[in-house]
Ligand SMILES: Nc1ncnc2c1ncn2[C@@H]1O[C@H](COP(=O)(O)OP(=O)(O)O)[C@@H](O)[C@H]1O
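First, one chain by itself: the form predicted on its own, in structure tokens.
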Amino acid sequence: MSASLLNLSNVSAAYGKIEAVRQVSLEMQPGSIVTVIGANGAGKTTLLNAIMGVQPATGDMYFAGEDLSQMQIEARVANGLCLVPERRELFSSMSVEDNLILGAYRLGARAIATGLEEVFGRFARLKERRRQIAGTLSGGERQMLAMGRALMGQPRLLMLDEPSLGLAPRIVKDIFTIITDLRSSGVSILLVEQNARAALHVADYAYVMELGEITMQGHASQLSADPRVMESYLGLGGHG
């Protein structure tokens, strides 16, 4: 288990009597991109929330060899786990730069300065708008800011919930290029997406989630060529 960055075994999570995630097992290695694809309502967001500690869950969850069930959310963040939620949850009345600084609240002034330099180097558009109020940004810029704020905390595992949601195709391409670049810089990524085509293109390994359960898994290139995946998620019907 120590070789894995993230190891889930028989994880379940429920809202009241409704079980949204059932007996999910998942593993990912350091330096990889793993994607979980599936239709809206499949349980993907609930799974990320369970890993982050936002949603109570049962089963075994280990991150970098440590038992997540014994960690509060703050400890998970300090240990290098970070979630960029679907709604991005920015501080709309604050500037771009202040939003970024909040992402590094645990760190010292030198680390914050270095983090800002790295984020602005990766997201040139954010540098141009560093004094702009976050609530006035476009959808693509807001997604970049949410990712940049997460990177300020120096995560080992960045969990992205539907990063392409509501964005124009050109911006989606930019976001997925950034995701690939992040892996090259040593950040591991767990990517939840309805845009299965884009997700499978950048991922190393993939899981298909349906009605709270993992129904298929394999190398992303294999799944993208699987007739069942092609029909359900890559066909003319769009992104599933």
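These figures come from a predicted structure and were not determined experimentally. Residue positions are given as counts along the sequence shown, with the first one as 1.
Missing here is the form predicted together with this ligand; even so, the following discussion is about that form.
Asks: Against this ligand in the predicted complex, would residue 118 count as a contact residue? Criterion: heavy atoms within 4.5 Å.
Replies: No.
Asks: Decide whether residue 45 counts as a contact residue for this ligand in the predicted complex under a heavy atom distance cut-off of 4.5 Å.
Replies: Heavy-atom contact with this ligand at 4.5 Å: present for residue 45.
Asks: Report yes if any heavy atom of residue 30 sits within 4.5 Å of a heavy atom of this ligand in the predicted complex; otherwise report no.
Replies: No, residue 30 is distant from the partner.
Asks: Wondering, does residue 186 line up within 4.5 Å of this ligand in the predicted complex on heavy atoms?
Replies: Looking in the predicted complex, residue contacts with this ligand do not include residue 186, since no heavy atom lies within 4.5 Å.
Asks: With the partner absent here, would 15, 18 and 86 each sit within 4.5 Å of this ligand in the predicted complex, counting heavy atoms only?
Replies: Result yes, every residue of the spot touches this ligand.
Asks: Of the residues 178, 39, 54, 171, which one places a heavy atom within 4.5 Å of this ligand in the predicted complex?
Replies: Flagged contact: 39.
Asks: Tell me which of 178 to 186, 199 to 207, 45 to 53, 60 to 68 has residues with heavy atoms within 4.5 angstroms of this ligand in the predicted complex?
Replies: Comparing against this ligand in the predicted complex, the contact stretch is 45 to 53.
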